[in-house]
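Shown here is one chain on its own, the form predicted alone, set out as structure tokens.
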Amino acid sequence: MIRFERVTKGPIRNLSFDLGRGGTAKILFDSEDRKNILFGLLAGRQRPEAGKIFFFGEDLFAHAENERLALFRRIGVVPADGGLISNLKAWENLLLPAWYHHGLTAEQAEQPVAEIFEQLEAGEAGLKRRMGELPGQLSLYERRVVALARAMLMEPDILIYDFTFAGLERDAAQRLMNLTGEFHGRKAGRVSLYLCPDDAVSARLAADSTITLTQ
């Protein structure tokens, strides 16, 4: 589902790994700059200087841009800062990709989003009320919840988490971990790839394999 063959970009040198159907993996970093480069490669925003990147058995950069975009409709990405559009309300950010790609209406999205919030904790009613606010008015945790819900509505085959648990209180990080684990198991063959700082919080994250990219 994801394969890197001797990929080099800046400080990332000759990185190879293969993550098959249904697999989970975490990649640990001691440098956020290095993590950002890898995230850019995974998101198709940067080209490797050497090596090849495959999604679903397809060489990512052997395709024209419109063909790459078609591949990414099967891939969900949760950026560390949420990646929300600043002049759209949280609810509009959450719904936009599913509406654009799958024609999902607000009424159709309401129940699955409510279920996501319920899995986080019983007191998420306050978060529901904040869906009418702009991203700049939300906390980091709230922005990541919106980004998670946005990605999950697309029902991707691959979900890439970018420092999703970093910088949060222990309980908040654990709630998000539990949610991503439950979501992973909901669809046969789904792949989850976590980019994580090399810290105690990330050590609690269960994964089939761990890759450490440190000096």
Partner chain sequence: MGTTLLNPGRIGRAVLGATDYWKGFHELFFYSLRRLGALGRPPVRQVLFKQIYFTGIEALGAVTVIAALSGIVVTTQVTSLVGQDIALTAKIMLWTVVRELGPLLSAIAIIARSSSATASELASMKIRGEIDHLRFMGIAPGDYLLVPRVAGITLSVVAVTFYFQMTAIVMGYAFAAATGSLPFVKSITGVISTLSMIEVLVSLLKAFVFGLVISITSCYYGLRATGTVTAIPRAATGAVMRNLLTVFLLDGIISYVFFV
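Positions refer to the first chain, counted from 1. Model, not experiment: these values are computed from the prediction.
Keep in mind that the form predicted together with its partner chain is not shown, yet the notes after this line are about it.
Of the candidate stretches 40-48, 185-193, 25-33, 171-179, only 40-48 contains residues with a heavy atom within 4.5 Å of its partner chain in the predicted complex. Residue contact check for residue 110: none of its heavy atoms lie within 4.5 Å of its partner chain in the predicted complex. Residue contact with its partner chain in the predicted complex: residue 116 places no heavy atom within 4.5 Å of it. Its partner chain is not shown here, and in the predicted complex it never comes within 4.5 Å of any heavy atom of residue 106. Proximity of residue 128 to its partner chain in the predicted complex: non-hydrogen atoms within 4.5 Å are absent; the residue sits far from the partner.
Residues of 88-112 lying near its partner chain in the predicted complex, listed in sequence order, are 88, 92, 96, 97, 99, 100, 101, the criterion being any heavy atom within 4.5 Å.
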